[in-house]
Each structure stands twice: as structure tokens, then as C-alpha cells.
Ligand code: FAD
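Listed next as C-alpha cells is one chain, alone, in the form predicted alone.
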């Protein structure tokens, strides 16, 4: 049996009997041709997955595909292909070093390139769908590789066909991003970025300036999984009808909210969790982080089930007070 805890950002003990490293696309074809059908799980950075049991019967496919290269050069932008096993944040820093802009707001998000499109990662007003050109996939049913373009991925808030309609059908092997080389679309209006730019006296920020600020903000709010086990944001920020928002505003006029359209608005899940008293609260080996209530942390010896029970209690509290059902962003594995 292999201990998976070094591969999981929550750090909880999970054992598996079948572990396969995918170093090239041919490895996927070999696996799915010879698979006996007992079930599998694709594991990249291990930052967005929570096993509830201490032993899994699933085959674990660890994506180790590496490499990046420019596939098309234009005057204002390049198309750059990143293999699925590349670390996301390291790829952001590499892109900035090459003079590219477009993903600087997504700095310091844990995980791999291949995992990014699955839940359409986003932060500080930017989502990967904004810069994604196409995705190379391996079809586990037909055992062939092909390309899906942005529109075919059906991106939504923390969602895509890889997470919903075709969950388990496709394995992402590479991602091609459209990264600008000039005339950058700087997004500095979300969260604390604008305030920090003013404080630093920066009126024309570069992509590197934005990345540096995002990294600084995230480091002050989010615990390092290497030091304190966690999966980042445990829940999605809920999107609610404006009628629901107006009822909450009657109780809490200070509630942060972000209009989606004339009928819906997004609320920060962390704010809701803090308001019902879970921020910094620890129960046994699990707790909500003291600086960011949206992050559920493992203080060292928590099982997956203990972490999940804590999440369920947080869900129940928010639903009781606000009538809002928080949806996990973390992928829950019961097998």
C-alpha cells in the first residue's frame, strides 16, 4: 500500500494499492486499454481533493506530463502550450519572466496546469477561461487524443464540462493559453489590489506588479499547505438572487456583494462563515483558519471524514442563519 498523504495538500492519511505515474500520453492509452474497470482518480497537485476514507480502492493516476512551448506567435500575443503536470504558480511566474500578461491575478493558486480548467480557477476578477485558447484531452472511452477549444469547454463559475457533463471521460494532457505581449488588460479593481496600488504609489501597474500584490495578499490570508494542511477555498462563493441579498442587507448592511447581472449577485463565502462564528474556531484536529474562514485546515492528525464533518457543520450554520447552501469547491472522494 502507498501512502498518498505527501501528494495531498490536506495531508490526511490515505492509502492506495494502485498508483500509476503518467509521464506521456501513451501511458494513458496503455492504462485505459488494460484497465480492469475498478475505477480511477486523476491526481495532479492534490490541492483540491479530499478522501473521506483512509484506504481507497481507486487506481490513482498521477499526472507527471511536463513541458511548455510557444505554438503560435502574433504581434500582440502568443499561444503557449503547457503540459498538464506543470505547476500552476510556477507557470505564472515563468510567463511573467517571458513578458506575458493575462494570468498575473491567478498567482499563488495551488495545483497543476491540468487541473486549472476543470473548475475554471479564478481570483481577483480573472478566470482561466478569460485567457484559455484550447485544451488537449485524452478520451478514456474512445482511447484517443484531440483538442477542445474554449467554447467547447462550457465554462461557468468554478465549473466546466470536465467537472460536470463529461466528468471522468476526459483526461487533460495540455492547456494552451493566449497570453498578451503588449497592451496588457490589467485588472486591478477587485478586492484589495486597488488599495495596495494606491498605497505603493503605482498608477500604471505592470502584470508583474499585480502578481506581486496578489502573492502578498494571499500569503497574509492563506496558510501554506506545506505547513498547515488545507485545500484552499473549501466552498464556492454563492451566487444568490438579489431578493435574497436584500434580505441579508436588512440584517447586515455591510455585507460585501458583487453584481452578476440584474437578478443575481455573488457573496463571499468567507464572510458568511465568519458571521456565523466559525472563523478561527477549532474542533479537535480541524478548524477554519484564523485569517480566512473559507479555508478549512488540518492541524496535523485529522482524517478526511473529520474534515468533511467540520465542513458539514459550517454548511449547516450558514444555511440556518442566511438560508444559503454553500457548495464545496473541493472534490469529495468517497470510494
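This one's a predicted model, so the numbers in the text were calculated from it and none came from an experiment. Residue numbers count along the first chain shown, from 1.
Below: the form predicted together with flavin-adenine dinucleotide (FAD), not depicted.
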May I ask you to check whether residue 298 falls inside a 4.5 Å heavy atom distance of flavin-adenine dinucleotide (FAD) in the predicted bound form? no
Mark residue 225 yes when one of its heavy atoms lies within 4.5 Å of a heavy atom of flavin-adenine dinucleotide (FAD) in the predicted bound form, and no otherwise. yes
When the contact criterion is heavy atoms within 4.5 Å, does residue 103 count as touching flavin-adenine dinucleotide (FAD) in the predicted bound form? no
Could you tell me if residue 331 has a non-hydrogen atom within 4.5 Å of flavin-adenine dinucleotide (FAD) in the predicted bound form? yes
Please identify the residue among 58, 43, 276, 52 with any heavy atom within 4.5 Å of flavin-adenine dinucleotide (FAD) in the predicted bound form. 43
If we test each of 92, 131, 213, 118 for a heavy atom within 4.5 Å of flavin-adenine dinucleotide (FAD) in the predicted bound form, the one that passes is 118
Can all three of 9, 122 and 158 be found with a heavy atom no more than 4.5 Å from flavin-adenine dinucleotide (FAD) in the predicted bound form? yes
From the candidate stretches 68-76, 179-187, 214-222, 142-150, select the single one in contact with flavin-adenine dinucleotide (FAD) in the predicted bound form, where contact means a heavy atom within 4.5 Å. 214-222
For the stretch 99-116, which residues lie within 4.5 Å of flavin-adenine dinucleotide (FAD) in the predicted bound form by non-hydrogen atom distance? 109, 110, 111, 112, 114, 115, 116
